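Form predicted alone, single chain, as structure tokens, below.
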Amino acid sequence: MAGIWIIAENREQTLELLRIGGELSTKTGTRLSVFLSQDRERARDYIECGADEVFILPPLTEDQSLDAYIPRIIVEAQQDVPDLILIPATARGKDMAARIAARIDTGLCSSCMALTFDDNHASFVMERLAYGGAAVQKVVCTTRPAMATIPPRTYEPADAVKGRQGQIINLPAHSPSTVKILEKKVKERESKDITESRLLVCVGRGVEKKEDVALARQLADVLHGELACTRPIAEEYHWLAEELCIGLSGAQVEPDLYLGLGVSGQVQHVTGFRNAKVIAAVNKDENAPIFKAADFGIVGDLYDVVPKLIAELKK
């Protein structure tokens, strides 16, 4: 069973991991495996998208979370020692990855944004941002398995090949987890998950007062996008929820279009959207750092520019 493993959390991110996992398994000549909570229909989907085998984990009880799968995954990893384990860099995924890495005594590259295989040294080379996004750090794991968490949208989803064959294997249950869920409470969100949005309108300190955020929201609505913000807007002014904050300590996003309104463009913020396909900005300071990152820029007062943009887009 050794090879490249993917720990599946949700379909979209698993398909993205199948893209890079498939490329690496082809290059290394190893098998590509997915560990999935009980869902045989989705298992067949993953096989068509490149998995050679899908391991079905036993069903969870109501008082268990995905953490209950950690002992089972650890047992399998200790027995078969895969070359690489990939896990989505979600809140739950990062927590699972750290605990698995500690238990099997191996290295972990968190928030890995690029992954290649070095033939000369027979090792995986992983890249991640360092120093607040000002540098790229290359990491080579000297132990086996290597582990990495991959942020959403780092890779395109894998393509399906209808009729592709693979194995679906049921794994036995492991000893019950000592962690129990006592209660679940739904967290109310102000908007959709900005990491899933294809178009983002982001407000910065150039917005003078809380009431003016409505102007940016109106532009986002006209563009069928979502509203986001810089760290000061959420943390210092509390004008928007922290879940809408983009940056090194906030959300990492890769929209088709990022439009910054009154955003200065400090590196801690730019790091959060640097992989956007198109970056645009409106700022009255022609020397604002955001223009160095932008594909398109308008030097002007957002209170003059944004209403004109809205008017044109409504035509």
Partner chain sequence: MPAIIACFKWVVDEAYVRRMASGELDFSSVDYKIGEYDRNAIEEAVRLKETLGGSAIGITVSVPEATKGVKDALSRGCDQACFIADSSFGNLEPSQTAAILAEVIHSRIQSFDLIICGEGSSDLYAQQVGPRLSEKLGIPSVSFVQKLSIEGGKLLAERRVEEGIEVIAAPLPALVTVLPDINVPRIPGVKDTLMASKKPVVTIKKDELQPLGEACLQTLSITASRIERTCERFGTNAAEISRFVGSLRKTGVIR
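Numbering follows the first chain given and starts at 1. Computed from a predicted structure; not experimentally measured. We call the rigid core the largest set of C-alpha positions that still match within 1.5 Å between the two forms.
Another form, the form predicted together with the partner chain, is not on view; read the next lines as being about it.
Contact check for residue 277: a non-hydrogen atom falls within 4.5 Å of the partner chain in the model of the complex. Proximity of residue 2 to the partner chain in the model of the complex: non-hydrogen atoms within 4.5 Å are absent; the residue sits far from the partner. Not displayed here, the partner chain is approached by residue 270 to within 4.5 Å at the level of heavy atoms in the model of the complex. Proximity of residue 235 to the partner chain in the model of the complex falls within the 4.5 Å heavy atom cutoff. The stretch that touches the partner chain in the model of the complex, counting heavy atoms within 4.5 Å, is 243-251, out of 27-35, 40-48, 53-61, 243-251. Taken together, the three residues 15, 73 and 192 lack any non-hydrogen atom within 4.5 angstroms of the partner chain in the model of the complex. When you look in the model of the complex, the only residue of 165, 78, 170, 137 with a non-hydrogen atom within 4.5 Å of the partner chain is 137. Contacts between 81-98 and the partner chain, taken as any heavy atom within 4.5 Å in the model of the complex, involve 90, 91, 92, 94, 95, 98. Annotation: Cα of residue 70 displaced by less than 2 Å between this form and the one not shown, core superposition. Shown in the overlay between this form and the one not shown, fitted on the rigid core, is a CA shift at residue 86 smaller than 2 Å. Positional change of residue 104 between this form and the one not shown stays under 2 Å at the C-alpha, relative to the superposed core. Between the C-alpha atoms of residue 156 and residue 242, a gap narrowed by no less than 3 Å is obtained in the model of the complex, as opposed to the form on display. The Cα-Cα distance between residue 10 and residue 242 is shortened by 3 Å or more in the model of the complex relative to the form shown here.
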